[in-house]
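Shown next as C-alpha cells: one chain only, the form predicted on its own.
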Amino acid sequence: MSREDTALQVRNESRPDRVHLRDLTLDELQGFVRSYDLPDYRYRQIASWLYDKQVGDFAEMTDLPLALRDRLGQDASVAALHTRTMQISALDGTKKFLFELGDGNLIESVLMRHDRRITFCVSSQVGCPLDCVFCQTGKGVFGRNLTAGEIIDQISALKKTCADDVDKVNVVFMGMGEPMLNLPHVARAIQIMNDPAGFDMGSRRITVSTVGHPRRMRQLADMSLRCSMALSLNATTDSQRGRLMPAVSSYTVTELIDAARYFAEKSGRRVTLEYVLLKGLNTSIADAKRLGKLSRKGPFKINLIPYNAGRDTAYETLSEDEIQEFIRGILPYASSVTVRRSKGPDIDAACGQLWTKSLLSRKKPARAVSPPGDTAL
C-alpha cells in the first residue's frame, strides 16, 4: 500500500457538503488538496484534469490512485451542470447549448467559430432581472446568480467540443444575465480564467458586457483582473435610455461613460460601446452624431449591433444602406466603428436571443416603447 493510500485511510474527517472544485480558485484548490496530506504534484495533476483536459468525473483522472479518486468523489464534485441539448445553425455552424444545473435550472451558452478562432458566449445568471425592451432573456422571470464553478463549467463543456486545430478561444460574458449583478462570482471566475494553472487567459480574450452599473464597473476595474469591458449603451440621451432600458434608467449616460473611462484607464484596455440598432428608436442621424461625440474624447470603440428579432417582431433593424448612413454620421467624431454580424439567428443564438421555456413560466408584462421625439444636439 502506498503512503498516499495509507494517509487516505487514516484521515477520516467528515465533509457534509461536497465541494465543487471549479468553484475554487487555484490557490484554494491547492489548499484543498494539501488538506489530504498529499504532495503538491497531486494538485498540479488535478488542476490539469480540470482545466487542460476538461474532465467531468473523478474516474477520468487515471493518474490518481483509485483510493484518492474514491475519496474525492465523496467529498467533492467536478461538474455542476450537464448538457441537455445542443443545436447547430444551418447558416454558420454556430452551436447553442442548453445546460441543466444541479438544482434543475436551465441556462444557455453559445459557441461561435471565426476561421481558426472560437468565441464562447457564457451566462452569468439564470435569466435576467433587467427588462431591456429589445432582449428576449429579460422577458422571462429571473432565477438566481450562477456560481463561479457553474460559469467555469460552461467554458469547460464548450472547450470539450472544440477541434484541436483552433488557435484561440475567447470568452464573452454576453449570455443570460447581467454580470455586474453577480460581480463576486464573475470576478472569481475571471481569476480562475486568468490563472496560468487555470485557463491562462488574458484581457484580450475575456470580455465582460454590462448594461451599466457605474459603481460595480469601478469595482471590477479596481480588482486588477485581466479582462476587457463592453458597455451596452444603446442610447445617447438619458430619456431615450430610460425607454429602452428602464431598469437602469437611474444611471445617466455621463455616469456610465465616466465609469467606462475609469475602467479603461485602470486596465489599459479600450472599452467597447455596444449599440443595438432599433429602427426609429435610436437610429436618427442626431443619434449617430451624439454617439460619435460620446466616444470622441475617450478610450472607446463603437460596436453597432443590428437588432435580432427572433421571437419578437415588435422592433425593426436598419437595412444595410441605413446602417452605412448611420456609420457616416458617427465617423466624423469616432475613431473606431465596427458592425457585429450576429451568428446563429436561425437557432435563437444571436445577441439578445438567449431564452428558455422555463423562464417564461411566469412571463413579465410587455412594455410598449414609442419612438422618441426630436432631440436637439
Ligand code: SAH
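Quantities reported herein were computed from a predicted structural model and do not represent experimental measurements. Heads up: residue numbers just count along the shown sequence, starting at 1.
There is another form of this protein, the form predicted together with this ligand, and it is not shown here; the text below is about that form.
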Thinking of Leu21, Tyr43 and Phe199 as one candidate spot, does this ligand come within 4.5 Å of a heavy atom in every one of them in the predicted complex? no
Just one of 183-191, 300-308, 109-117, 91-99 has heavy atoms within 4.5 Å of this ligand in the predicted complex; which? 300-308
The single option of Thr210, Asn282, Gln154, Ser295 touching this ligand in the predicted complex, heavy atom within 4.5 Å: Thr210
Any of the heavy atoms of Phe134 lying within 4.5 Å of this ligand in the predicted complex? yes
Contact flag, Glu178 vs this ligand in the predicted complex, heavy atom cut 4.5 Å: yes
Contact flag, Phe263 vs this ligand in the predicted complex, heavy atom cut 4.5 Å: no
With a 4.5 Å heavy atom cut-off, would you call Met174 a contact of this ligand in the predicted complex? yes
Considering only 254-280, what residues come within 4.5 Å of this ligand in the predicted complex, judged by heavy atoms? Glu274, Val276
